[in-house]
Ligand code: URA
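Single chain ahead, by itself, as structure tokens, in the form predicted on its own.
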């Protein structure tokens, strides 16, 4: 599978609203949520191709007649926001699939080893074979945090996994594609550089700080 950069002009618009330094915290949250919803719609549309049960047919009654309709079976959908920044993409997705399960995870980087360290893990202990996971991680810089989360989820036996991100650094694309061949990464843009502090350039700054107005 692959890193897939959206071609949707609405996604590009909202990403650029988020990039703008003058965008305030409320507008930044709104932009990130809208971008996340657009990427999520692309991700779930392709996830159905890898699942025999995500879409189900049912009979509904319109004001005029009975008819067959395709609907999403939400009980096996897990949305996994990576704290803090992943929360910025969560709100609209909860409206789109209100019966999905939400599993929060949190990691920080050890300043000495530079390795991700878990401080919150609300992933399920067991999952069904039909489970479909959508991980929300707005910034894929070095890829260390998302790799740690994906390794944990793959150990559960999940194979239908999508990662939703605003940005990924170009230098990180091949490494993630090689290490996680079963995962699709849906991104707003692929940015060319990482600076000396590990920030994506041109990027959008610290997404967590901007979401929470810090």
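Numbering follows the first chain given and starts at 1. Computed from a predicted structure; not experimentally measured.
This protein has a second form, the form predicted in complex with the named molecule, left out of what is shown; the following refers to that one.
Asker: Out of 135, 93, 105, 139, which one falls within 4.5 Å of the named molecule in the model of the complex, going by heavy atoms?
Answerer: Selected option: 139.
Asker: Using a 4.5 angstroms cut-off on non-hydrogen atoms, would residue 200 count as touching the named molecule in the model of the complex?
Answerer: Judged by the heavy-atom cut-off of 4.5 Å, residue 200 is in contact with the named molecule in the model of the complex.
Asker: Would you check, heavy atoms only and a 4.5 Å threshold, whether residue 206 touches the named molecule in the model of the complex?
Answerer: Yes.
Asker: Quick check for you: of 139-147, 117-125, 93-101, 69-77, which stretch puts a non-hydrogen atom within 4.5 Å of the named molecule in the model of the complex?
Answerer: Stretch with heavy atoms near the partner: 139-147.
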